[in-house]
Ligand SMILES: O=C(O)CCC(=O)C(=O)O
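The form predicted on its own is given below as one chain in structure tokens.
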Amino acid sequence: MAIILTESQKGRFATDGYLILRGVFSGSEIAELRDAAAEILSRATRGAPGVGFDPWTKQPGDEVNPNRVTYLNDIFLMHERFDAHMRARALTQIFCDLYGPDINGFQSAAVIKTPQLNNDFHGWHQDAPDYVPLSNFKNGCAITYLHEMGPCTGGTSLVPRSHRDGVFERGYETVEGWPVKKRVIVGFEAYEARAAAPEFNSGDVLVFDSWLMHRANSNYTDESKIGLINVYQAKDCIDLKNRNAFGPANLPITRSGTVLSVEESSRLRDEETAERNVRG
């Protein structure tokens, strides 16, 4: 079912840089997505491209995530259920309401908080430094939560109204005893007091601007917690230096507000790529 944003919601997104939408996906839809996630997590192995693993231990994880995977890129190519989720009207309509009727894909991923994961190394960050230069700001992310998740159970913290203060320098700090460096935003101290850590239920969706400061929280439970990441942008939000190497780069998802099929997306991407190449 499509979510039609109200003018108030669109205004809040412009002001705060995010929206929390409750109960977007039903229990049966979440169960299907969990089953699909378990299927691809069971066969994820170290060394595979686009796959990350828990840096703290190589001990087995839980039944859903035995190899302690922490992220998977391009999941829409790994399982048809995730391709369908990327095209779900419940998500695409949100971005059509925010950015206009012609929406392209940008990223399709899963982020998994393994049992008892100290995720502080992931740190506060903006996504935009990995994406710019773009021709405009019409690029944003939707996280679909497959489990209940909060401040200490794998949720997402964020800083309201931090999305139009520019692209901040990213830093890395060495922490004694840690297997990896901690990612930080240089100058974050001025924003820390404004940070919020909402609680999410399974089926909820967080939509946020790619310039918003945010972080993925630790998971101090004994089960893996899964969030599905879908980043979209308007057709006229151009990747000026072709930095995006993810599978959904420049992939048409909607045209004139209508969700495209897999075949239509592929054909139209080829046509639009050829047209851009001709224009130089």
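Quick caveat, the model's predicted, so the values are computed rather than measured. So that there is no doubt, residue numbering starts at 1 and follows the sequence shown.
Beyond the structure shown, there is the form predicted together with the ligand, which is absent from this document and is the topic of what follows.
Residue 143 within 4.5 Å of the ligand in the predicted complex, heavy atoms: It does: once the ligand is placed as it appears in the predicted complex, residue 143 has a heavy atom within 4.5 Å of it.
Residue 121, heavy atom within 4.5 angstroms of the ligand in the predicted complex:
Heavy-atom contact with the ligand at 4.5 Å: absent for residue 121.
How about residue 40: is it within 4.5 Å of the ligand in the predicted complex, going by heavy atoms? Result no; residue 40 lies far from the ligand in the predicted complex.
Proximity of residue 156 to the ligand in the predicted complex, heavy atoms at 4.5 Å: Although the ligand is absent here, residue 156 would touch it in the predicted complex, with heavy atoms inside 4.5 Å.
Partner-contacting position among 184, 134, 111, 98 - heavy atom within 4.5 Å of the ligand in the predicted complex = Going through each option in turn, the one that passes is 111.
Of the options 249, 238, 229, 51, which one has a non-hydrogen atom that comes within 4.5 Å of the ligand in the predicted complex? Among 249, 238, 229, 51, a heavy atom within 4.5 Å of the ligand in the predicted complex occurs only for 229.
message: Which is the contacting stretch out of 88-96, 173-181, 159-167, 111-119, given heavy atoms within 4.5 Å of the ligand in the predicted complex?
response: The contacting stretch here is 111-119.
Can all three of 71, 127 and 214 be found with a heavy atom no more than 4.5 Å from the ligand in the predicted complex? Yes, each of 71, 127 and 214 comes within 4.5 Å of the ligand in the predicted complex.
Using a 4.5 Å heavy atom cutoff, which residues in 25-42 contact the ligand in the predicted complex? It's fine if the answer is none.
Read in sequence order, no residue approaches the ligand (within 4.5 Å, in the predicted complex).
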